[in-house]
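What follows is one chain in structure tokens, specifically the form predicted on its own.
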Amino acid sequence: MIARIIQEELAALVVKAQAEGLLPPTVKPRFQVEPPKHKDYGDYATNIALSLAGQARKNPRELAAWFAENLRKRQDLFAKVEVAGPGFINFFIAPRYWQQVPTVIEKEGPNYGRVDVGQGRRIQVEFVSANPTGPLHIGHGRGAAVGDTLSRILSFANFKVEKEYYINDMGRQMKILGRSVYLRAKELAGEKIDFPEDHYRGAYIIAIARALLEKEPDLLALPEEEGIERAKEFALTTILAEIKKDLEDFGVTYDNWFSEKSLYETSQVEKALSLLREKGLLYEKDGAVWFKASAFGDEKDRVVIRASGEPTYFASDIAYHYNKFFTRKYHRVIDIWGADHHGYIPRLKAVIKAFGLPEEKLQVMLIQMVNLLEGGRLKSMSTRAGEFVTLRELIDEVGKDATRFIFLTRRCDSPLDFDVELAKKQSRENPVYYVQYAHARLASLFRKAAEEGLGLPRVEEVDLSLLNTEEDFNLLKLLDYFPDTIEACAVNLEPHLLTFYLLDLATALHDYYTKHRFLSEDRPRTKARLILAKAVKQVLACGLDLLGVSAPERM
């Protein structure tokens, strides 16, 4: 939180400098406040003087000196304020500021860390949305972990979040699914089938066909088209139920399950295309209807209605986003897609601009592939060939907590190597174990304190100035940085930053244990350290909960 306080102090000083004529009223302050790379340069540093110098035609070091002189008056915040280099300002935070952090945490309780980035605005996060043609694989699982965790963080940052799964329940892939199940049913009935290469070939298709025949023994006596339609509907229902169960067991639930078919049933496609047609953005060529995507930054125009009269997937996507912005009126929409959809972003951004909306209303996050390492062997994933590792298999083998946490140990747009053996280890090499053990270790500390007759003291009864070692300050600074981490995750849409933060906090706690005792004969210091331990435990639990990971009391 001190970073935000410094930002507010600097913003107020810009106003003062303008009033005094030091800065012209037209300047636009753009600056950063962040920890420097070297501890010798203080706890935080800012480039505000460098940023303003060009606009104000002032010497940056002289500007920095003016800011530093005014900031030194806040002796409750700063032990020292220095001008460095060409005009940077370095801040050394007063120890008493850090020592009051546990008091703030005690006062705010479970709300500590909440920020008001969202200001109550409605935001939709659509994620996973895998075609219901087979089980979720581990790539879908990574998207689920990212989408669900981001949604939790955005809610914590005061956005009104709705999570949605978009069901592609019509189109060519559904026809192939129905035919795949129907042909396997014929095979089970003893007929020799030349199974098409482009159909779904996994063992789950055979299981669905067997269940379908048990439910409808007269299936194959029906006309083929009717039989395929029955197979499609049964497969869709079966697979979607399994997807929902896998996600629920992964700690992921949705506010809405939105059917693509419903866009046609409620005339949303017609309404969306009518809007574009009224704007003169649709035209006919070669018997098809085209959208002028190239007028809005896409590399070429796109077909929305084929010459056959059949709408494209793109037509559905246009209608779906029309529904999001004009029917349900979300302030902002976040779509989380697989990395193979990268080329699709410009055409959808073109639609948003064609609707007359700022393109930043839609933000697309891409989820890179997961390389599963098991015994040093890289497993492949192909839905149609049926050679893939399902999310269910991974959850069953290493558990929900480890799976979710490890999926969030890298930026979502970077490939991830998931080492199954590492995920099962109970050692510091396993990141989720390392963080959960930090929480369990503190829970054990409080049990031991109770055994020794030490109740948890009230923070106002404790001398927090006794938290004065380097290790105390390391923990206090990290605790203070928790709200800033939440804000960075929410603003930048980077939930992995929370994982990094928790690893840093756990590391600082484990290091503390190697150098200090929480419980000692020095009762005043013991009480201060118990208050510190309580604050760390609370933040660890809150952070793990935002990741959808449990905070065990015993391990």
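Because the structure is predicted, anything quoted here is derived from the model rather than measured. Residue numbers run from 1 along the displayed sequence.
There is also a form predicted in complex with the RNA; it is not shown, and the following applies to it.
- For the options Lys361, Lys353, Arg411, Arg114, the residue carrying a heavy atom within 4.5 angstroms of the RNA in the model of the complex is Arg411.
- Scanning Ala490, Ala45, Ala68, Ala56 against the RNA in the model of the complex with a 4.5 Å heavy atom cut-off leaves one residue, Ala45.
- Stretch 428-436 is the answer when you ask which of 462-470, 245-253, 428-436, 230-238 has residues with heavy atoms within 4.5 Å of the RNA in the model of the complex.
- Taking the partner from the other structure, the RNA in the model of the complex has a heavy atom within 4.5 Å of a heavy atom of Met555.
- The RNA in the model of the complex is approached by Thr514, whose closest heavy atom lies within 4.5 angstroms of it.
- Contact annotation: Leu357 falls outside 4.5 Å of the RNA in the model of the complex, judged by heavy atom distances.
- At the 4.5 Å threshold, heavy atoms of Gly190 stay clear of the RNA in the model of the complex, well away from it.
- Contacts between stretch 431-451 and the RNA, counted in the model of the complex as any heavy atom lying within 4.5 Å, involve Tyr433, Tyr434, Tyr437, Ala440, Arg441, Ser444, Leu445, Arg447, Lys448, listed in sequence order.
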